[in-house]
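One chain comes next, on its own, written as structure tokens: the form predicted on its own.
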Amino acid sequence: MKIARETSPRFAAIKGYLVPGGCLAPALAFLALFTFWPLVSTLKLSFYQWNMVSPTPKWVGLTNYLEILRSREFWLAFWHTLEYTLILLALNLALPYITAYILSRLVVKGQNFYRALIFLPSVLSLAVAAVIFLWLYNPLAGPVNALLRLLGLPAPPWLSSYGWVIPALTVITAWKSFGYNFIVLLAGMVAVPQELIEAARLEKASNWQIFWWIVRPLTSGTALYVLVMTVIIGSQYVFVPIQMLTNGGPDQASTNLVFLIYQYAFNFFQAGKAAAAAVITLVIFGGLLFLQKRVLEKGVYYEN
């Protein structure tokens, strides 16, 4: 009787689910505990008013969302987030794309040295990078302004100037993340079949034509991954330089959405409003991922 139960199709199907389920259970438990439970708690907290000290949060419904969407600081932070993202896309997608192509196809000697040199800043923490650039940007003794004065160019106070603070902070994040994106894009370009490159050269195609018509389409999947990571992760990386060097100033000129959430929670002790801002930010980034899924992936080449 026992043998008949073990060999039945139903028992075999259940056994087939139990083994992979048991293997996935520890990972799913950690995912639920450290990702989904905080997400649900944040959503719940966004409907309350709480100063992080009072034992009883006060139910306020959608008031936190309405106050945030009507506030000047939210839309200012939203606009600054767009500025950070656009500059990061230029510095951390377009520039490493071109650099990876030059190093993989045009540079013959010293490739390993250049790869190590470009990747080196990625092993540093953002805090260390911020301290290094604090010295570089020093308006009196920093080498950047010294070089500009030597060339007869204006030397602005980078971290206290309303027009220059966002590009200055973005350069710090880009310097830190450039090496990782470069290595990912380089791996995608190395995988492009050499036969296609050689055939194009026999047809006397220029390096630009080879890049644009062969390398770019065949590495579009890798480029899309770097684009998504730059938009989602890179915008959050800017938080560290903002907090260490400008604290959102001057006059909120460097505040982005992530730093605004931090300010609501730990500067103003408005935990409910911080949770509501976090939910709105999640919806914005979720919309970007949806856009990537529905629009950008249609033109992407995947080998499989």
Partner chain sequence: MINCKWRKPLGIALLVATMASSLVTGCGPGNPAKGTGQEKTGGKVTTIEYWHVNSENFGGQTVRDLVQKFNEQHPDIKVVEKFQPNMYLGLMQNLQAALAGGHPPAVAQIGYNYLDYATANLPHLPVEDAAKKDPEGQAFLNNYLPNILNLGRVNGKLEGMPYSISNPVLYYNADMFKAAGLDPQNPPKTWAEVRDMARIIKEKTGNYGLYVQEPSDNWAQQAMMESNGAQVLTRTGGKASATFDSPEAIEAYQLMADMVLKDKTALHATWEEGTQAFITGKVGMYVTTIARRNYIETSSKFKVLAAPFPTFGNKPRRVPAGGNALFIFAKDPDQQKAAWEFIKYLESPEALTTWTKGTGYLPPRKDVTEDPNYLKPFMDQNPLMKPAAAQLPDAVPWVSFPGNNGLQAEQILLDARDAILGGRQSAAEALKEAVAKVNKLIGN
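Numbering follows the first chain given and starts at 1. The shown structure was predicted, so the numbers you read here are calculated from the model rather than taken from an experiment.
Here the subject shifts to the form predicted in complex with the partner chain, a form of this protein not shown in this document.
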query: Contact check for 162, 251 and 267 against the partner chain in the predicted bound form, heavy atom at 4.5 Å; finding: yes
query: The partner chain contact at residue 72 in the predicted bound form, heavy atom, 4.5 Å; finding: yes
query: Interface membership of residue 108, the partner chain in the predicted bound form, 4.5 Å heavy atom rule; finding: no
query: Partner contact for residue 167 in the predicted bound form: the partner chain, 4.5 angstroms, heavy atom; finding: no
query: 4.5 Å heavy atom contact, residue 32 to the partner chain in the predicted bound form; finding: no
query: Contact assignment for the partner chain in the predicted bound form, among 63, 42, 263, 236, heavy atom within 4.5 Å; finding: 263
query: Answer option from 85, 222, 104, 138, heavy atom within 4.5 Å of the partner chain in the predicted bound form; finding: 138
query: Stretch from 214-222, 121-129, 72-80, 189-197 whose residues place a heavy atom within 4.5 Å of the partner chain in the predicted bound form; finding: 72-80
query: Stretch 42-72: residues contacting the partner chain in the predicted bound form, 4.5 Å heavy atom cut-off; finding: 51, 52, 53, 72
